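The chain below stands alone, shown as structure tokens; this is the form predicted on its own.
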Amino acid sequence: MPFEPAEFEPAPLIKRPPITFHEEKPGWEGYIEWEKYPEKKKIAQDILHKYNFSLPPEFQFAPLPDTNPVIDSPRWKEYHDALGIGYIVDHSWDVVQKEKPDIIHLLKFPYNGETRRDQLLEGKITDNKYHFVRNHGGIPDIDEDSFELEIGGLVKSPVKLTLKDLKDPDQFPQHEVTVTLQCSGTRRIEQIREYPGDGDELINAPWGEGAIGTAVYRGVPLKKVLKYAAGGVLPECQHVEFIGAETYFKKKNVFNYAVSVPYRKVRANEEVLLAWEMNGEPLPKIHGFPLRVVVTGYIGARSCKWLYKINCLAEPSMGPVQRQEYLYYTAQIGKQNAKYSNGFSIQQMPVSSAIIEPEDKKVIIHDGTITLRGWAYSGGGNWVERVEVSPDGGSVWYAAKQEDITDKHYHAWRLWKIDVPVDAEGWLEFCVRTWDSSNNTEPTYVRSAWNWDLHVTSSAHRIKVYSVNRSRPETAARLKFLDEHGLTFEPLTRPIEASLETEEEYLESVRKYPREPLS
């Protein structure tokens, strides 16, 4: 049955709100503080509840547009317009065009940008201009000299720090860490194609294999900042909350972006970094300038951008991104029974991998081997030990040579290459799986990884290719025939515009091997 959108009352003309929601601080354009002012949040919520906003776009039961931007969901733009802060939307797109002109604009606003396949394989370190982006709101424009970070909650001495303070090596030791950040929605399109799930208000973007990237971040370990600047944490502290300067919406309520990680993660010296530099350059605006959190081995959503406040807490953050989203459900949970409390919070990323070359449905003309390339990653401080590729859908596996895999890091991916022996012709299904340092590997099929929110597609990544083995005499003869007649093998489905054999060849064959029984 074709998809039919539900009927809804069209959104009334959005008028300028009766109150102006001012920016909180000079030099912090696009940052509006909501968490300190419950009465302001209430006014904003009352305004939002007056409207029926556009429905999120349907992209699971309908084809994805062949455009760039791929999806232009108006709902969040309308939220901003209703509160009189639509200028944040325009500014954000200006930043995208300046800093990320050449990647896939998967969602225009809030911006989700995916690295293209060729860009992924350029090197172990992803160039800043190609690194994927998963934003949850608009992009603020914060002046470095005006910036300050507030640290409070269950600490001995609440404190405010400037970026100059944080960069002072006499106050805090600086570190560089090579880190792969990955959206928990990486490869979500595979779940969508087989078994659609929750579309989400923000939309669960239909990511492919490019929602992952690796960079060298420079900053200070949060552990040291809490110790030296805030005097350490109180015994009751079990979690650390990060609050970012963007405006976030949930069920027509308004928030600042807030997430948290367990304090035990922070206690690991370099595993939670307050970073101001990415690949030797100041953080791009789109990646959180002037300061962001980098949480190694965790889903990218915990690496809060445009960080301005840290709270030490006894329990996880109550922000909706932490307690209502990024939840992993069993396959028996869905629209009929999903709650915020019956899925567990996704933190560490599992082992996963992807074939980047060749692309799905490619025709490969070869001499008995097919070369594949891709990435492999595991979170939680595990590293990739082995990458295996199967040419028959998962029965026979070949391991990539160690010299064909990039160096190991505690918190980063490894790029790999393998030459797989292939004799068979026609459609073949290749898949890849990775083993990490804790002997974890990937489920064989996507059905085993499916969950209602379509997170963490950790199953063996699969592609189908059409194999043409010219080491076979008949295939070599056909390819030579096409070349002599000025014809090409591709497109695969286009008929050959020449006779496939002479009448003499045909008669010789069918007389030698008749098609009908002799008696």
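Sequential numbering from 1, following the sequence displayed. Between two forms, the rigid core is the largest collection of C-alphas that superpose within 1.5 Å. This is a predicted model, so every value here is computed, not measured.
One more form of this protein exists, namely the form predicted together with another copy of the chain; it is left out here, but the text below deals with it.
Q: Looking at Pro63, Gly486, Pro26, Pro38, which has any heavy atom no more than 4.5 Å from another copy of the chain in the predicted bound form?
A: Of the candidates Pro63, Gly486, Pro26, Pro38, Pro63 is the one lying within 4.5 Å of another copy of the chain in the predicted bound form.
Q: State the residue from Pro158, Gly123, Pro282, Gly334 whose non-hydrogen atoms include one within 4.5 Å of another copy of the chain in the predicted bound form.
A: By the 4.5 Å heavy-atom cutoff, the listed residue in contact is Gly334.
Q: Though only this chain appears here, would Val468 touch another copy of the chain in the predicted bound form if you measure heavy atom gaps against 4.5 Å?
A: Yes - in the predicted bound form, heavy atoms of Val468 and another copy of the chain come within 4.5 Å of each other.
Q: So in the predicted bound form, does Thr20 come within 4.5 Å of another copy of the chain, heavy atom to heavy atom?
A: Judged by the heavy-atom cut-off of 4.5 Å, Thr20 is well away from another copy of the chain in the predicted bound form.
Q: Although the partner isn't part of this model, could you tell me whether Arg472 comes within 4.5 Å of another copy of the chain in the predicted bound form, counting any heavy atom of the residue?
A: Judged by the heavy-atom cut-off of 4.5 Å, Arg472 is in contact with another copy of the chain in the predicted bound form.
Q: Can any non-hydrogen atom of Pro196 be found within 4.5 angstroms of another copy of the chain in the predicted bound form?
A: Yes, Pro196 sits close enough to another copy of the chain in the predicted bound form that at least one of its heavy atoms falls within 4.5 Å.
Q: Looking at 344 to 352, 284 to 292, 221 to 229, 84 to 92, which stretch has residues with any non-hydrogen atom within 4.5 Å of another copy of the chain in the predicted bound form?
A: Partner-contacting stretch among the options: 344 to 352.
Q: Relative to another copy of the chain in the predicted bound form, which residues of 419 to 442 have a heavy atom no more than 4.5 Å away?
A: Going through 419 to 442 in order - heavy atoms within 4.5 Å of another copy of the chain in the predicted bound form - the hits are Ala424, Glu425, Gly426, Trp427, Leu428, Glu429.
Q: Comparing between this form and the one not shown on the rigid core: C-alpha of Ile496 shifted by 2 Å or more?
A: No, Ile496 moves less than 2 Å.
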